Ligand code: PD2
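Take a look at this one chain, the form predicted on its own, written out in structure tokens.
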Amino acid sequence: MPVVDAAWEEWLSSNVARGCSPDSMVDAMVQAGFATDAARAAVHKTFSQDPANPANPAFAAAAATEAALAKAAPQTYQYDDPPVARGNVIRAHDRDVRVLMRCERPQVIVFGDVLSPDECAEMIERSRHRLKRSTTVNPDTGKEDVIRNRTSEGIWYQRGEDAFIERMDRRIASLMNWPVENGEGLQILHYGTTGEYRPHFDYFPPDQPGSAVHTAQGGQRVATLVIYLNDVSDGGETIFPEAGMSVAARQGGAVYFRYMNGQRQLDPLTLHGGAPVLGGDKWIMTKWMRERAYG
């Protein structure tokens, strides 16, 4: 069973500061293997206010949480129509893709058959020997840092770098109904057993100084598509703690979620993560879309 080490303390503090609810944090820790009582105790400790010592970091974090929630409460986000086509089957460039589930708040769509088994196998094999430890954006500087909250290896492909990648880019852009030129390059990620990515946002929080580095080109991220390249025998779900939702990894399937509306509001309900892989390993391919042309 996991313990609240320095990495988890960092995760707790950062999620309090960004305005995550206590329930969503408890749920995320339980998904990661903590006992419910232990998770609640850790979250309560982080949120606790110490009147005798107002300079206590937990007190300051709790105050920051109050302000963040007041400023960006989920009910203030205006849900407009997502760009993804209606219907139970969507023609995505060169392939028919099945719609398995739609959720309105947050806007999440689960797809089947986005890639064929052969295409999944090709993406894995062409990526296997080029993997490097994954990074995440430093909120203060915008630089890419290696952190313990994200235990995966990955590789980026240039958009349209060869005929196969170009076909994937066009299919995904058609499915997301967003210009192909607004997409970041495809990222392949590999998680071994116990590998995880603790809950986070894909958009760049406007109140963090480092976000400006990333939004200067192409603007804000607006939506994500995560495609599963293999079946995961146990664990490895994509979890949405604020929505109480999880999506199992099934080869060729995908989960889409949109977090910026037409008013440029950002949806905090799209807090999400990759639950620990409990059996086997997990391969995924991710596409992030921007407001404007990127690259």
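Just so it is clear, the model here is predicted, and its values are computed rather than measured. Numbering starts at 1 and runs along the sequence shown.
One more form of this protein, predicted together with this ligand, exists but is not displayed; see below.
Taking this ligand as it sits in the predicted complex, is Thr238 in contact with it (heavy atom to heavy atom, 4.5 Å or less)? Within the cut-off, so yes.
Although the partner isn't part of this model, could you tell me whether Thr286 comes within 4.5 Å of this ligand in the predicted complex, counting any heavy atom of the residue? Judged by the heavy-atom cut-off of 4.5 Å, Thr286 is in contact with this ligand in the predicted complex.
Does Tyr197 reach this ligand in the predicted complex if we count a contact as any heavy atom within 4.5 Å? Because a heavy atom of Tyr197 falls inside 4.5 Å of this ligand in the predicted complex, the answer is yes.
Decide whether Glu153 counts as a contact residue for this ligand in the predicted complex under a heavy atom distance cut-off of 4.5 Å. Judged by the heavy-atom cut-off of 4.5 Å, Glu153 is well away from this ligand in the predicted complex.
Any idea which of 104 to 112, 157 to 165, 206 to 214, 185 to 193 reaches within 4.5 Å of this ligand in the predicted complex, heavy atoms considered? Selected range: 185 to 193.
Contacts with this ligand in the predicted complex - residues in 271 to 295 whose heavy atoms fall within 4.5 Å: Stretch hits, in order: His272, Gly273, Gly274, Lys282, Ile284, Thr286, Trp288.
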